[in-house]
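Only one chain is included here, represented as structure tokens and corresponding to the form predicted on its own.
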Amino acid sequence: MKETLRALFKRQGPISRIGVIGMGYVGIPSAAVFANCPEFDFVWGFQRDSPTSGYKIEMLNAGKSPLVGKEPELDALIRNAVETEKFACTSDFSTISEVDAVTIAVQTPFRNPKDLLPDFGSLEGALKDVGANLREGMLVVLESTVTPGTTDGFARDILERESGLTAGEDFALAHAPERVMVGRLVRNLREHDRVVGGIDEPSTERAVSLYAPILTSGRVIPMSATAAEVTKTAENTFRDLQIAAINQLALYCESMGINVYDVRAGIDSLKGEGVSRGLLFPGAGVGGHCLPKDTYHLERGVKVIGGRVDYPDNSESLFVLARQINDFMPKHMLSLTVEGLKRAGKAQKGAKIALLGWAFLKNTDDARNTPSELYYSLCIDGGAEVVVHDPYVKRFGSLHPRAQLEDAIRNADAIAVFTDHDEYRSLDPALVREWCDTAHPVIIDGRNILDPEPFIERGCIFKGIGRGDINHHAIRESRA
């Protein structure tokens, strides 16, 4: 059986034409990097011509990136790929039949984390499109983060049903999870080690041959498809756990009246052989496509394909508890806001709040699962007026953030900083005091990017995540 698939690959030769399904934060840079790699002849980008995303097709074919924000190298790679006629974007999924390998990078969120029910609608649609156009000797790779067991189960079933072909005999199937961060997409694709797992050895080998050419300093780490799925969900679960740990420490430090950043610096100072603390930073919440859901994919995986877990009786999963702590942080931001308003003699109801930052990540427009959204809703539910500013996010559903910072801050009773965009780091205390035009504007720093003292000197009431040392400072007479 395995030799049959290897024989198909030998007859077909090296991978030369690639298809990338999903022109988003993963698919666009992946297609651009593949297309600029001399080992490959051509790359198709597949994007549905929908009312919300169809515009990407025209932009990409004009050599322009639809992604907003600072993304080094990406614009130049896309432009070069189009100019050299090595890349094109299309909504015609029948063109999949022309490629040697196709990757799938679509969103895989959860409908209901409590019931561990993922929303695989986009993934299922992409798999059906591939299956309908699958031919012998092709390689199919899932790059989307999925529940362990998905590649050799759910995905395999759909591909075989739609194509009439057999995975492992007629075509190769693998999982190679993306490991990129917005703001450094191209660099991450080239420099991060790439985990690659096939449903069998020939599938793994074929997938390795797809990713090895694009790596500069990174290396390929081969394993099984299920091990690759667990690797991706576990690495994000561990990062979420680290963030939850420092967030909980920040809440403790607030309660004890000390600065969590002093404590963090002290802990981090202990270095040496065998010493590694892996300290991250506390903040207003965790967003993005991966961290808010990957814990649930891991938890679902152990229930779907695992057996009994030997674990303390009646104990909640440590990973799920960490997820709950991080989900709580926007609520804590509201608590700090309400406390600050109370000190200023105001209530949440009727207050005007300037929310700075809708994207979850600095200097990008990536607002997937942004923690700002929960804070926004809680403020509105409490009767506050909320004005949002973000220099990169122009629209989010029906929300249109203000383009000018002054427009958001003017006449605000409180300012909540949710994103560490560079623009907010240089927030001028004098201008804030002037624009707010109130005796004691409330500043809530959710990312520790502001120096409290200049704001406090001007009569502001300052609060920050983990800043127990200043959260109850004496209120000074306001001055311009």
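Heads up: residue numbers just count along the shown sequence, starting at 1. The structure displayed is predicted, hence computed values, not measured ones.
As for the form predicted together with a small molecule, it is not shown, yet the points below apply to it.
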{"item": "Proximity to the small molecule in the predicted bound form, single hit among Y211, F360, F87, Y296 (heavy atom within 4.5 Å)", "value": "F360"}
{"item": "Heavy atom within 4.5 Å of the small molecule in the predicted bound form - residue from P401, P202, G287, P148", "value": "G287"}
{"item": "Listed range touching the small molecule, judged in the predicted bound form by heavy atoms within 4.5 Å, from 96 to 104, 214 to 222, 349 to 357, 232 to 240", "value": "232 to 240"}
{"item": "Exercise: R447 in contact with the small molecule in the predicted bound form, heavy atom 4.5 Å", "value": "yes"}
{"item": "Contact flag, E178 vs the small molecule in the predicted bound form, heavy atom cut 4.5 Å", "value": "yes"}
{"item": "Heavy atom of R184 within 4.5 Å of the small molecule in the predicted bound form", "value": "yes"}
{"item": "Interface membership of F328, the small molecule in the predicted bound form, 4.5 Å heavy atom rule", "value": "no"}
